[in-house]
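In what follows, one protein chain appears twice in different forms, each by itself as C-alpha cells: structure 1 and structure 2.
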Structure 1
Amino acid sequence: MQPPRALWVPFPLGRPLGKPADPAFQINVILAALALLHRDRGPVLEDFPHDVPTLEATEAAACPVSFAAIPEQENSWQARLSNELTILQPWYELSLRRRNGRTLAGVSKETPQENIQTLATLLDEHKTPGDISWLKPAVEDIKAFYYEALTAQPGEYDSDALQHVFWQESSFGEAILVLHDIFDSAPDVQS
C-alpha cells in the first residue's frame, strides 16, 4: 500500500491494536504510530517493540460450553444444530446483557436462529443454497452468535482455543466443512 508511515505490529491478523479491553496497551500502540508523524523523511516502517502478553492456559477463561461432551441424540443436522442452538442461546443472551446489547450478528437479513434452521435443512437435503449471496452473511452471523456465546463470561480468552472449540468440537464448525464438500460435488457450482 505504500503508506508514508507504518508501524509494524506483531499481533494476530484482526487485532491491529493488540489486545481487547486494554486501553493502556491500545494507547501505547496509537502513540507509537502517531510519533511517526514528526519524522523528517520517509517512507517510515518501524517495529512496535512489544508483544501482547501471552495468556497462560491456567489464566484463560474457560468456555462455558463443551461441545465434545454433548451426546448426539440424533444424526440429522436439524437435530444437531438445534441442540447446539438451545445450549448456546442463554449464553448468547448473557453476552448481550454483559456487552450492553452489543453483538456482531446483524449483517444478514435473518436472525442467526433462522439461518441455522435454513442451513440445517440444506445439509439434511444435501443441497446448496439457491441464493448464494445469502450464505456468507448468514454464516458470519452464526459464527458471531457462537463466539459471543462462548465468550459470554467475563475474562480473557485464548483465541486459538476458541478456534479449536468452534472448528473441531462444534457441530456448526463441522456443518461448514460438510457444506464445502456439498459445493465441491455440485455439478452446477463453479469455484
Structure 2
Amino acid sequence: MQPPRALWVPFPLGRPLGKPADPAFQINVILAALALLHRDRGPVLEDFPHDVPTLEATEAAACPVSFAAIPEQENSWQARLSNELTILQPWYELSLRRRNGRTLAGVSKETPQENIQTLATLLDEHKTPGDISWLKPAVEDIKAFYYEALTAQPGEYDSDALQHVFWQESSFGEAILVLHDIFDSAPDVQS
C-alpha cells in the first residue's frame, strides 16, 4: 500500500490496538501513530516498541474450535482440508459481518474453497503445482481466512496462541509444512 506513515504493531490479526478493554495501552498505540505525523518527511515505517500485555492464565480461554481427528477412511488431504474449512466457515462469515464485509482474503483469483481443493489434490497426488505463481496468493488467502475465522471466536487470544492453533492444530498448517517438504525433495524445482 505504501502509506506515507505507518506504525507496525506486533499484535494478532484483528487487534490493531492490542488487548481489548485496556484503554491506557490502546491510547499509547494511537498516540504513537499520531506522533508519526510530526515527522518532516516520509515514508516512515516505525515499529511499536511494546507487545500486547500478557493475559492472565484465567483470562485466556481455550480455542472453541476443535479440529477432531478424521476417521481413517477419510484421511486424504481432500477430506481433511474440506472438513476443516467447513468447520471454520461460520466463524469466517461472522468475522466478515463484524468488519462490514472487509477481509484480507482476496489476493488470489480463486476463492479459499477453490484454492484448498487444488492444494488438497496436489498433496494427495504428492505433486508440486504446475503454475507456481498460483501458490503464494492461494496460501495467503487461505491463511487470512483461517486467522479471520479464529479471531472471530469468543475469548482473548495472544499471537502465540493463534500461531499455535494454526501451525500445531490445523490440517492446513500441517499441509503447508508437507508442501514445503514436497518442494524440498522435488528435483525439478529450483530455489
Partner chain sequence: MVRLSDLPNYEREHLLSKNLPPLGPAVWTKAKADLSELRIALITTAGLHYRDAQVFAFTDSTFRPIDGEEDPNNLVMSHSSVNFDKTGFSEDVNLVFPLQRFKELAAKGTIGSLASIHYSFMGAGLLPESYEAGAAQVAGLLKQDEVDAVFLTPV
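Rigid core: the largest C-alpha set superposing within 1.5 Å between the two forms. The first residue in the sequence of structure 1 is number 1, and each one after it adds one. Here the structure is a predicted model, which is why all the values come from computation and not from measurement.
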Two forms of the same chain appear here; which of them is the form predicted together with the partner chain? 1
Core-aligned, is the CA shift for P20 between structures 1 and 2 2 angstroms or more? yes
After lining up the core, report the Cα displacement of L45 between structures 1 and 2 in Å, one decimal place. 12.7
